[in-house]
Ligand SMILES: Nc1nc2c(c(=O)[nH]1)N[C@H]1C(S)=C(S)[C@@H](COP(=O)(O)O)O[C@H]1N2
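One chain comes next, on its own, written out as structure tokens in the form predicted alone.
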């Protein structure tokens, strides 16, 4: 497959580590994953329940707004659609907000995304990866262990919430953490949608 480098990006073989706030220290006893918002049946899932969901292995290209792109990283994780299947969505749900830990607050970080593009095999809540330089290994705490969302390559990687804790299903789009600070709501790297 031909690599497509978005405008303003450069290719790297490394996976640079960028994050805001403290690095979350995983505690299985207190960790949970919440599905809520415009649904008929909100759910709280334990780590065991989340890890029991069906998995997929997918190779994804990552594009960071800071201008690096990493091609061909293979992830194992749980597709977004598996979480969607656990709740009955209201008919008017078009967007999601993905939450993650930020300085100890399990809902302190969030990123908004349209739901429809996330229902394929390239939108995963991941826990391990491999690439040309690494065999299978767990993602590190700095990369978002125990669970991190990796979006399709049609979104900049800041939409890939680290230390993820839940999904809020929404009728209308809302700004997330970086969007409140002036970043693009849609974040398409091929259209170079970095900022509003």
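Predicted model, so just to flag it, every value in this text is computed and none were measured. Numbering follows the first chain given and starts at 1.
Quick note: we don't show the form predicted in complex with the named molecule, though the next part is all about it.
Asks: Check for me: heavy atom within 4.5 Å of the named molecule in the predicted complex, for each of 64, 68 and 162, yes or no.
Replies: The answer is yes; 64, 68 and 162 each reach the named molecule.
Asks: Would residue 182 count as touching the named molecule in the predicted complex under a 4.5 Å heavy atom rule?
Replies: So residue 182 does not count as contacting the named molecule.
Asks: Look up in the predicted complex whether residue 25 has a non-hydrogen atom within 4.5 angstroms of the named molecule, and give yes or no.
Replies: Taking the distances in the predicted complex, the answer for residue 25 is no, it never comes within 4.5 Å of the named molecule.
Asks: Verify the contact flag for residue 109: yes if a non-hydrogen atom of it lies within 4.5 Å of a non-hydrogen atom of the named molecule in the predicted complex, no if not.
Replies: Yes, residue 109 sits close enough to the named molecule in the predicted complex that at least one of its heavy atoms falls within 4.5 Å.
Asks: Considering only heavy atoms, tell me if residue 35 and the named molecule come within 4.5 Å of each other in the predicted complex.
Replies: Looking in the predicted complex, residue contacts with the named molecule do not include residue 35, since no heavy atom lies within 4.5 Å.
Asks: Heavy atoms within 4.5 Å of the named molecule in the predicted complex: which stretch among 143 to 151, 27 to 35, 127 to 135, 40 to 48?
Replies: Result for this chain: 143 to 151.
Asks: Within 4.5 Å of the named molecule in the predicted complex, counting any non-hydrogen atom, which residues from 13 to 36 show up?
Replies: 15, 16, 17, 18, 19, 20, in sequence order.
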